[in-house]
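Okay, so here's just one chain, in structure tokens, the form predicted on its own.
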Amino acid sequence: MNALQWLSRRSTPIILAAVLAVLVYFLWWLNDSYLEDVATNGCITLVMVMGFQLFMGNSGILNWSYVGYVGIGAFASAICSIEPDSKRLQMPVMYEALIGIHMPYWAALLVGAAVAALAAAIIGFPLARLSDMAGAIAQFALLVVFYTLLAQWQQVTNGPRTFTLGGTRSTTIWVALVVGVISIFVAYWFKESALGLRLRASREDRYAAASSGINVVATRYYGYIISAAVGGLAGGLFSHYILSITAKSFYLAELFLVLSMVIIGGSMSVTGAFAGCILITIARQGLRQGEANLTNSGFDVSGMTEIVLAVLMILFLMLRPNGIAAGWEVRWRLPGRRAARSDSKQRS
């Protein structure tokens, strides 16, 4: 295999990263604060979507608890980056050991990802044994547990009150772009790795995979941890961009958004998840603008955005259950490759 063939086989993340960079640069070049906010939020959401697709797309298991790990990463990174005096003033009941922690922004992001991965490592092994309906119900129950802990643990998350970071935004449009590109490469690397291949084998038939020597539970367990780490990283980006978070930021509304992007784009490919994220981000912003204009005109259409997205997701599940991409990955084809193949067949 020469260098061009090697590059062609691994061109998917390069193409997707290039498309993302061009889109973000174009929105930034327009010099509009609203469009820059859309681009930054879109990149942060893309990191969430890549982490969600990494496990769900390869395992076939709907990970309802995923946004809980995003919330864990968001709060963990926020706690690590806020100055001790600010934490003591805002949350006097916070544990003294947490008040004394203060890290730079990038270190706080990595700690958020690590804490989310650690939580997944502690919790995930029993869940990896469950499949089908039992697995989905257990994951949803875990999401409720995460939400309750984040909403009530006053010594860590400030309880039901808003957790405010203060200061200026550390997550800029370029930071979000860089991490978004990294998440694309991580998701594609995982899919093409031996671990990802084993996980897809368990998705197709876990009994056949187990009979061929694959440890299905361990494979799911490792994929679950990596997915949680990417989600925790996305949570850190989110908290340092919004600068004020609550447990509600990481519950059903956020889960519905990420799930709709993956289902509409296609969960079985990185290209599908990427396309779903871009399309739904654009559609959502357009629907929100239309909803605001109609409301200002005297027509109360609150919730129209969510209704349209829900109907769209139902239609895709009925008419195209594998999403837009249907498992297909965009790839750079070598010029003359098909012709060379046909010539070799004729010679043989």
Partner chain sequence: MSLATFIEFVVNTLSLGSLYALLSLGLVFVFGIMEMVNFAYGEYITVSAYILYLLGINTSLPWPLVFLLGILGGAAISVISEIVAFRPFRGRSVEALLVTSFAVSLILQYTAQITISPRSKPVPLPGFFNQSVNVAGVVTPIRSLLLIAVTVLLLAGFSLLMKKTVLGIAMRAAAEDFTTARLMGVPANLIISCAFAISGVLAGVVAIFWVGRSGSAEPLMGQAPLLISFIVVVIGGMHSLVGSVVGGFIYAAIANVLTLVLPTSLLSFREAIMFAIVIIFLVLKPAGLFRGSYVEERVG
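What you see is a predicted model, and the numbers here were worked out from it, not measured in a lab. Positions refer to the first chain, counted from 1.
Missing here is the form predicted together with its partner chain; even so, the following discussion is about that form.
- Partner proximity in the predicted bound form, defined as non-hydrogen atoms within 4.5 angstroms of its partner chain, places exactly one of 43-51, 275-283, 27-35, 303-311 at the interface: 303-311.
- The putative spot formed by Gln152, Leu252 and Pro321 is fully lined by its partner chain in the predicted bound form; each residue has a non-hydrogen atom within 4.5 angstroms of it.
- Contact with its partner chain in the predicted bound form, judged by any heavy atom within 4.5 Å, is made by just one of Gly100, Pro104, Pro126, Gly166: Pro126.
- Val217 is the sole member of Val217, Ile182, Cys80, Ala114 with a non-hydrogen atom lying within 4.5 angstroms of its partner chain in the predicted bound form.
- At least one heavy atom of Ser131 is located within 4.5 Å of its partner chain in the predicted bound form.
- At the 4.5 Å threshold, heavy atoms of Val145 reach its partner chain in the predicted bound form.
- For the chain shown alone, Leu62 is a contact residue for its partner chain in the predicted bound form, at least one non-hydrogen atom being within 4.5 angstroms.
- Heavy atoms of Ile263 reach within 4.5 Å of its partner chain in the predicted bound form, making it an interface residue.
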